[in-house]
Structure formats: C-alpha cells, structure tokens
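Below you'll find only one chain, the form predicted alone, shown as structure tokens.
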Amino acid sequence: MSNTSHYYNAHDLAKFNEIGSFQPSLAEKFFAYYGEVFQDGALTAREKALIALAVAHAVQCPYCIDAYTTESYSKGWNEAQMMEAVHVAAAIRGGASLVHSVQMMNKVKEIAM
C-alpha cells in the first residue's frame, strides 16, 4: 500500500509548519496564537498537554493524538493518567450524544400525541 492510498500519513505531521505556504500571514497569526496558548499561564504547559491529548481524541485527529501523546509523555504524564484523560474525553463525547436524545424524546412525544 502506498503512502497516498489513505487519508492520514504520519509523515504529514512533520509538515504542519508548512500550512502557511498558501496564506503566510494567516499561518503566522495562527502559530503565534497557538504558541501563546501552550505557554504556562493559569494552567501549566504540562497540564495543557494532557488537555490537548484528551481533546485530540474527542475530535479524532490522528496527527494531534500523535503529537500530544508524545508531548504529554515527555512532560511526565504516565500511561494511566493519559488513558484516564482519554476516558474523560470519551465520557464527555458520549454524554454529548446522549443528552441530544432529549430532543428525540420530545419529538416522539409530540408526534405520538
């Protein structure tokens, strides 16, 4: 199987810095913002890496999962902590789907009357 026969190519993650080739000014703004977000602030850069790992799973971005698995592990999070963060993301994602069942139940009650 060639590298171009699927949507996600692990080597593309290393090309992330090239996203500005078609719109340099927008990429510069994005990277400035992105860099600032991940600096120590009210949360540490270490805490932000774990949050990013959980969010990466919620949005199902394989590039982000690779990047923030590496980042979280390098910042001292262990496997159990990282997996627990992924489970938090899964619970929120599942809950977000389930809470919308109220809309379905309301509609069924409306049409069943």
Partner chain sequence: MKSLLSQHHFLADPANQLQVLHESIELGVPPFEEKLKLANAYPLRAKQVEILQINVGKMCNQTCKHCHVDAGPDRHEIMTKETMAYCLQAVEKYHIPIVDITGGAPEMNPHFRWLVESAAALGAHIMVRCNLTIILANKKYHDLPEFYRKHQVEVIASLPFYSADRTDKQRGQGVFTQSIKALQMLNAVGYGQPESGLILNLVYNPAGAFLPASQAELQATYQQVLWEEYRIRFNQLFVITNMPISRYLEYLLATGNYENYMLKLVQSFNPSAIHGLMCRNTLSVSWEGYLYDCDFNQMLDLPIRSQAGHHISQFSPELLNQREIVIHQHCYGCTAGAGSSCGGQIVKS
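Positions refer to the first chain, counted from 1. Since this is a predicted model, take the numbers as computed values, not measurements.
Just so you know, the form predicted together with its partner chain exists too; it's not on screen, but the next bit is about it.
A heavy atom within 4.5 Å of its partner chain in the model of the complex is found for one listed residue only; from 45, 51, 26, 88, this is 45. Contact check for residue 35: every heavy atom lies farther than 4.5 Å from its partner chain in the model of the complex.
Interface residue remark: residue 74 is counted as part of the site for its partner chain in the model of the complex, having a heavy atom within 4.5 Å. Proximity of residue 60 to its partner chain in the model of the complex falls outside the 4.5 Å heavy atom cutoff. Its partner chain in the model of the complex comes within 4.5 Å of a heavy atom belonging to residue 14.
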